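Only one chain comes next, encoded as C-alpha cells, the form predicted on its own.
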C-alpha cells in the first residue's frame, strides 16, 4: 500500500479513506456482531446481508429499542474485543505515521447503527475544540456506505471558511449554515474494507438514511499521548494505548 499517498491526502484536506491492511480482525469482529443478531432473531445469511437488513427484524422499530439493542451488542462485544485495537491493527502503518508511537485512545468507543428513516442523525458539528485539536477520528464501516447511508464532511479549507463566516455573523441562523455546509460538503462513499480517518476540526454530519439498508460502523478517537486533550479530562476520556521505548523507560523514573 502506498501509505505516503494517504498521508499526503490527510495533510492536504484533513481526511483520507484508507484501505484496511489487516482485514482479518475486522472480519472476525463483524462476524461476531452478525452471529449475535442471527442467534437473537433466528435468521441466517451472510454478515453483510444480516447487518444491512437487521432493522427488518426489530418489531415496530424505534430509537429506544435500537439503543437497547446496541447496548446488548456492545456488552457482549466488549467481552471479547477492544475496538481501539481492532481499528489500530487494521491500519497501523497509517496511524503510526500520523500520530507517532505514543498514543492515547478513546476510552469508550462506539458502535453506530443507523436504520432507514430514523430521524436520529448526527447534526452538523466539529469535534474540536471540545475535543483535542490534536485528535484523529476513525470511522470504520461494517457495510458499504453510500448516499444518505453514509455521512458528509467538509475539508479543512471549507470548514475554516464556513466557521469563520459563521463567527462573523454572515449567516442568519445555524439552519442557514447547515444548508450551505451540506451543499459544499463531500458526501462520502466508503466501502467495507476501508476506514475513514479525519481531523477533529472538520465540519461533518449525517442526514436521514433514505436507503433500504442499515448503516453500521465503529468509531474511535486517537491522539498523541503528549498532545493537549482539549476540554476533555484525559484520565476519564482516554486510555494509554501504546508507548515508545523511550517513554516506557522514562515512565519508570519519573
Partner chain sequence: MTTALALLESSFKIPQHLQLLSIRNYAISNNINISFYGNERVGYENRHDLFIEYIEKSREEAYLFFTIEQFIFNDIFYTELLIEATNKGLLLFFANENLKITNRMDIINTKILLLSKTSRAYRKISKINY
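Positions refer to the first chain, counted from 1. Remember, predicted model here, so these are calculated numbers, not experimental data.
Keep in mind the form predicted together with the partner chain is missing from the figure; the text below concerns it.
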{"query": "Answer option from 61, 185, 227, 70, heavy atom within 4.5 Å of the partner chain in the predicted bound form", "finding": "227"}
{"query": "Candidate from 113, 134, 146, 77 lying within 4.5 Å of the partner chain in the predicted bound form - any heavy atom", "finding": "134"}
{"query": "Partner-facing stretch of 93-101, 136-144, 80-88, 156-164, counted where any non-hydrogen atom is within 4.5 angstroms of the partner chain in the predicted bound form", "finding": "156-164"}
{"query": "Contact of residue 15 with the partner chain in the predicted bound form (heavy atom, 4.5 Å)", "finding": "no"}
{"query": "Interface membership of residue 251, the partner chain in the predicted bound form, 4.5 Å heavy atom rule", "finding": "yes"}
{"query": "The partner chain contact in the predicted bound form: residue 19, any heavy atom under 4.5 Å", "finding": "no"}
{"query": "Contact flag, residue 240 vs the partner chain in the predicted bound form, heavy atom cut 4.5 Å", "finding": "yes"}
{"query": "In the predicted bound form, residues of 204-224 near the partner chain [heavy atom within 4.5 Å]", "finding": "223"}
